[in-house]
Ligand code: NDP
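Here we start with a single chain on its own, the form predicted alone, put down as structure tokens.
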């Protein structure tokens, strides 16, 4: 039985993880969990699952976290904290020599090089929980050339994207979309922030940066393709022109279970994909409408501080949109303005990451106030 900690336990990924554990009480024991604003909900879950140790990220800081981990003595920790705040926890997990199941995109977007280096130094794996990165990881496991230098074992990663609720829309049609329109994802049930990121395709930009770090890929080795059905979760093209894909119905429970029970697969009683009368489509994304993808090209060309700035600015503008202070279409404009003003900086420390993040948030708020 694996002992697990769930960070961000009351979010959408955390709830899916509890579903996996409910179906597999003989496989997993939740020995610790954290929440931020919904700590009262976590207490109810703690009672149901008999979780001995809880961590309130609103009241306790990162200095307390190491003691919490030692109390729990986990076999693996799932980091499903939302946003930039998750980076510190990812680093502490590895420093405590515990395998990291990673569902926090920002950890790799902002601290990718440092986090991957820490993983190598501690000899602790980072197991991807995002459905796309789990799919890529699974595809690469089927490659006889799979190695630490993963970029040599494949030609290209094909990162699939549902296109969100506004696929096929024009810029004019996006002028007056509402908060409710943007939150209505066609295939996935997710939290508010990630739902808006899926609507703008900023989520796919973050996943692009993640893929570069996780799989040691160059920007030219990652390609975004629209796949409306969300059944092919990503694909990998190999040197002999073969393409391996991972397919399953759209549920987070599968990649969660794969990460938690790695290297063995687990029957989580998830619905099976029927191939009767199944059509799968793939299209090129419209960069002129979803301008986050044009901004992505600038960031991926430069890397270093650019992904940190992109993530910070995006968190600020999405919060403004959710609060009803800016229009949906403004998200693209404000992000572009922030990135246009960025100068390349070397990121060589955690302190530098936090400095860049704080500066980017300040600049974004100044742009929003004009």
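All values reported here derive from a predicted model rather than from experimental measurement. Residue numbers count along the first chain shown, from 1.
Same protein, other form: the form predicted in complex with this ligand, not shown, and the subject of what follows.
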Counting any heavy atom within 4.5 Å as contact, can you tell me which stretch out of 80-88, 170-178, 291-299, 212-220 lines this ligand in the model of the complex? 80-88
Of 200, 160, 104, 134, the only residue with a heavy atom within 4.5 Å of this ligand in the model of the complex is 104
Considering non-hydrogen atoms and a 4.5 Å limit, which listed residue (331, 30, 309, 35) is close to this ligand in the model of the complex? 35
Taking heavy atoms and a 4.5 Å cut-off, does residue 24 contact this ligand in the model of the complex? no
Within a 4.5 Å heavy atom cut-off, is residue 125 in contact with this ligand in the model of the complex? no
Can any non-hydrogen atom of residue 190 be found within 4.5 angstroms of this ligand in the model of the complex? yes
Flag residue 194 as yes or no: does it have a non-hydrogen atom within 4.5 angstroms of any non-hydrogen atom of this ligand in the model of the complex? yes
